[in-house]
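Take a look at this single chain in structure tokens; it is the form predicted alone.
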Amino acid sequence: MGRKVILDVDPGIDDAMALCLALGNPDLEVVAITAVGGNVSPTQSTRNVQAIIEQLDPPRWPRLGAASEPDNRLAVDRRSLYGSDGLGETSFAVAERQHLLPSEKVICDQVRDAPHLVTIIALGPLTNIARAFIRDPELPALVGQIVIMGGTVSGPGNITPAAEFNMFCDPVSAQTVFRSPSTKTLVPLDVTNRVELGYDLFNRLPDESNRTGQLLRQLLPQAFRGYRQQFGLEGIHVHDTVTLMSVLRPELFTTKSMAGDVETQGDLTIGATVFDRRRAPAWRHNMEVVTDMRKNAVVEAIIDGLNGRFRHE
């Protein structure tokens, strides 16, 4: 069996691409996919997770967790980028499921079932993980690793000048996770922004006889439209997919130990990630931060993975 992972997601077309990669990779055992509000509302996020799984229909279905309402209203969403349903207005029908457990309960159960062996890949706001840690205070020490997409080190944010989307959505939860005694790796915008996939991506996807190819060919046109309309770009960023690739192909990434925290107040700085990089820092290092990657190799690994080709160096 592969490495046990929980994917905590807020789909989002980028999240959908990451799920395609994860569910098709024999090096991962996806034990659970937990929904969280972010790109779309908690209810829509839960529905989107179900829709993606049903469209891909993997040989082994993971446990699913339902997103709960955040303590405070979501400050922002990505519907203008990814469509009103977050999945390019595809409006996939989903089977009605009864009694889905809350995402934080699923996280607690899966980590407790395999202590020190589960990696949580957090591709949305950190609401679920913070709640799981509050629900079970011993959990941070039992998680094998948390890999977090979010924040910035030196670059600007993508929601405010200071803050990245996932951190801005729920800065209190992000701070809780940053300050927890868990093993953490952060994949910030400074790195993920370097990958921009152009229209030639469509020529490199599996064809429509393949479930991954069929799904992505339905979703991606909306992402390209959104990026062109909002940012004037002729390509798309895939922050979540790059983050997943840092788990699948860690040899392509460079990390540095840092001391990080999240700002929870301030009109201009709420959601900003702050790192103590002074000559004589007062904070203890609490995470690894990805600082560089072999960009071209990462892009090729993404394309290979979507086509069911898995290579290692």
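Predicted model only: the values in this text are computed from it and were never measured. Numbers follow the displayed sequence, beginning with 1.
This protein has a second form, the form predicted in complex with alpha-D-ribofuranose, left out of what is shown; the following refers to that one.
Student: Of the options V147, L189, L139, L205, which one has a non-hydrogen atom that comes within 4.5 Å of alpha-D-ribofuranose in the predicted complex?
Tutor: After the contact test, the surviving option is L189.
Student: May I ask you to state whether T34 is within 4.5 Å of alpha-D-ribofuranose in the predicted complex, using heavy atom distances?
Tutor: The answer is no: T34 has no heavy atom within 4.5 Å of alpha-D-ribofuranose.
Student: Even though the partner isn't displayed, in the predicted complex is S173 close enough to alpha-D-ribofuranose, meaning a heavy atom within 4.5 Å?
Tutor: Close contact is absent here: in the predicted complex, S173 is far from alpha-D-ribofuranose, nothing within 4.5 Å, heavy atoms only.
Student: Answer yes if any heavy atom of F165 is within 4.5 Å of a heavy atom of alpha-D-ribofuranose in the predicted complex; otherwise answer no.
Tutor: Output for F165 is yes: heavy atoms within 4.5 Å of alpha-D-ribofuranose.
Student: Examine D240 and determine whether its closest non-hydrogen atom to alpha-D-ribofuranose in the predicted complex is within 4.5 angstroms.
Tutor: Yes.
Student: Taking 4.5 angstroms as the heavy atom distance cut-off, pick the stretch from 298 to 306, 285 to 293, 8 to 16, 21 to 29 that is near alpha-D-ribofuranose in the predicted complex.
Tutor: Selected stretch: 8 to 16.
Student: Out of 106 to 135, which residues reach within 4.5 Å of alpha-D-ribofuranose in the predicted complex, heavy atoms considered?
Tutor: In sequence order, L123, G124 come within 4.5 Å of the partner.
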